[in-house]
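Next up: just one chain, as structure tokens, the form predicted alone.
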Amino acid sequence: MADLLGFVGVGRMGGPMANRLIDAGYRLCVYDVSNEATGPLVARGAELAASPAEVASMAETVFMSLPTPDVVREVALSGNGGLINGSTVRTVIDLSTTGPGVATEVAGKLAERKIAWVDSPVSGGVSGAKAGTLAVMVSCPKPAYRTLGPVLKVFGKLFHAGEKPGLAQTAKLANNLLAATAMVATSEAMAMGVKAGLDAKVLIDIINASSGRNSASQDKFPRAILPRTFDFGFATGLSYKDVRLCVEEAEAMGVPMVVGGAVREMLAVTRARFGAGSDFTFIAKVLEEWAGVEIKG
């Protein structure tokens, strides 16, 4: 039987990843603020902890999958129930998207307690988490990368981004900026085409057979926009958070983000119009309203 692993945050992304660990034969100790999230894992044999600190007192290796940088900081460093107070934990692996600033800060604080920090943000959505086909970006010393490789491979394909804390986070922000940019630009192009009289399905097929194809045209539009379901599975608020972090980090480094800034504003508009909990494919709905069209198959 494999050693006990800890897992804090077992919601939309963390839940499927925790299930894959159980499928692979690992024993788990889990914590989440939602009993609804932990219930199915406990039913499969996972132990339920009362706090992140309790998880970190039971497992040497603890995963986190959390929604925002502030929550990651709180869970890791809280003076009351944070992971830093655990008596057993030796390695914390963060699967969240926090940005390099928070990653560096938390890594430094944990190092003072001789707890290793591993950035490991993932990309591929809920479907990738369930299927074990995520892109798993990792930044940590190479010996730790080799040691943790077998368990991280349960989630998908590994990429060693470097040894410095935050490098994997930078890679993730770059990817999510491009994904959001494709969503915004494709929505604009599709709204224009439909307004001119093109059939939306025909236009998507033309784009996907041509040089304009991208992740939005190939996946998000056929799956969630043309059928009018708008249920791709990634929240507008989270996409806005990722793009905002990317633009802020780039500006701090002196890298202009002209297009990134525009994408951030488009996500801000979508969040204001439809709410942070709306699916980020609602970007297309904003363009539909502005253009007075409906992009449907």
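Throughout, we count residues from 1 along the sequence that is shown. On a predicted model such as this, the values are computed, not experimentally measured, just so you know.
Omitted here: the form predicted together with a small molecule. The next part is about that form.
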Listed residue that, although the small molecule is not shown, lies within 4.5 Å of it in the predicted complex (heavy atoms), from Ala168, Val122, Val184, Ile204: Val122
The single option of Val126, Met192, Leu178, Leu77 touching the small molecule in the predicted complex, heavy atom within 4.5 Å: Val126
In the predicted complex, Ile295 touching the small molecule (heavy atom, 4.5 Å): no
Partner contact for Phe234 in the predicted complex: the small molecule, 4.5 angstroms, heavy atom: yes
Contact flag, Ser34 vs the small molecule in the predicted complex, heavy atom cut 4.5 Å: yes
Contact of Val71 with the small molecule in the predicted complex (heavy atom, 4.5 Å): yes
Contact stretch among 58-66, 246-254, 42-50, 262-270 - heavy atom within 4.5 Å of the small molecule in the predicted complex: 58-66
